[in-house]
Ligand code: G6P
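The chain below stands alone and is given in structure tokens; this is the form predicted on its own.
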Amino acid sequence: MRKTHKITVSGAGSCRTPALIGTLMKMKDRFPVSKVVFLDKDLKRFHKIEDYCKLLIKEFSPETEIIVTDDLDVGYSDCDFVFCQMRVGQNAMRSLDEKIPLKYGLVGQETCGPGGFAYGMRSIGGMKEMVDCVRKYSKDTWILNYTNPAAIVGLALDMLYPDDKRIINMCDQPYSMMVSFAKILGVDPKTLRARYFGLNHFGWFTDLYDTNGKNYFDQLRNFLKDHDFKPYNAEQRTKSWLDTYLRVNRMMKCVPEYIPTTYLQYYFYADEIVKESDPNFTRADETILTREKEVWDVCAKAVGRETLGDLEVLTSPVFGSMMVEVAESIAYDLKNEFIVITKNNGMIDNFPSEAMVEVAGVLGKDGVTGYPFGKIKTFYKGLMENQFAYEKLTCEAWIEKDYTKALEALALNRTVNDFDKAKAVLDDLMEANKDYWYLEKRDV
């Protein structure tokens, strides 16, 4: 049997946690755990899913110790891995992230544009508090960060902790797209490998093949030219999500060379997306009424039970599977392939070395090892340099509490491109987030 590990789930009140624990239990032979700490500053949310999560562990791994806490020192003082999925401000702030930009005719999205800026500013503070607490007790604990927006958070953490090689920033979106590619191709997703470059939520697939060397990229690209792109779980998705995938088809009709990530839609079709958006009902509201409600309903059935019985075992073929696979690959030095976020340092030859880029690579006992990509062409380089400048200014604005840098960041963002709108939305977001971050207006 493999060595067991102690893990802390940070942000345990997330509706993703039950499926994460279900997946962890289903994969317990691959990544056995001796202790699971459920940590959340707001335990009211976790209490909705607490009985269900405990029953899952009791059913599949009764020897595993369970701790529930809102105390950071209890949560972080004795763990091998932190699975970090915190949402600072919860859905109430996500709702404002999405609705405030729409007031100004700007994209209202949680990780892109002004909403992503506000969320990123909150997340940096929450992540810094977490890292500082973890490192009080151990320099060896692996921090697996899935907190969004990963591009901003990953860059900020690298600026704040440049020598900490055990902070791993990950995103399940490329993983999810590969599962969707596998369904289209009729192959096992575990056999697929990709080549990819970009920034998080801002990248392109450039090749796809299997472990036997068979190449599928042209087949997939040709399919997407003539057929609607649908996610692997299309029947479970709402129309707004399905439209997101269809815009991949549209982008490829203009530039068919590579397969773009879905999030690029917000930068190329911003005006269209704003027109389609309801300023009173955004994805935050949709999530509460769909995904969250479905999870809460399943978990409510566990209250008062002594055994799992006939309750559905929630699992996640994307988010949960990737989190466990990442931890497994690091813990046992498997060097399995993922799309990883890493400091550039020559991964992309003609791009700033200090950028946190997203490329194919492996994970093992030494952390991330990216695969060098080479040079990128002018179109992609121009897009990425603009986006990286926005991300860098955002991080600097938080670190320096600098209003002007925040304004510059938003004016640069392709979803804004307007100083007057940038200032208006920044001032509104700053007021809405006054309990989380502040900026100072200084004389130049």
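This structure is a prediction, so every number in the text was calculated from the model and none was measured. Numbers for residues come from their place in the sequence shown, where the first is 1.
Below, we turn to the form predicted together with the ligand, even though it does not appear here.
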property: Contacting member of T342, N148, T244, S95, with respect to the ligand in the model of the complex [4.5 Å, heavy atom]; result: N148
property: One residue of K365, R291, K230, R305 in contact with the ligand, assessed in the model of the complex (non-hydrogen atom, 4.5 angstroms); result: R291
property: Touches the ligand in the model of the complex: Y263 (any heavy atom, 4.5 Å); result: yes
property: R166 within 4.5 Å of the ligand in the model of the complex, heavy atoms; result: no
property: R283 within 4.5 Å of the ligand in the model of the complex, heavy atoms; result: yes
property: Contact of D172 with the ligand in the model of the complex (heavy atom, 4.5 Å); result: yes
property: Stretch in contact, per heavy atom within 4.5 angstroms of the ligand in the model of the complex, of 130-138, 283-291, 74-82, 189-197; result: 283-291
property: Residues of 1-20 having any heavy atom within 4.5 Å of the ligand in the model of the complex, listed in sequence order; result: R16
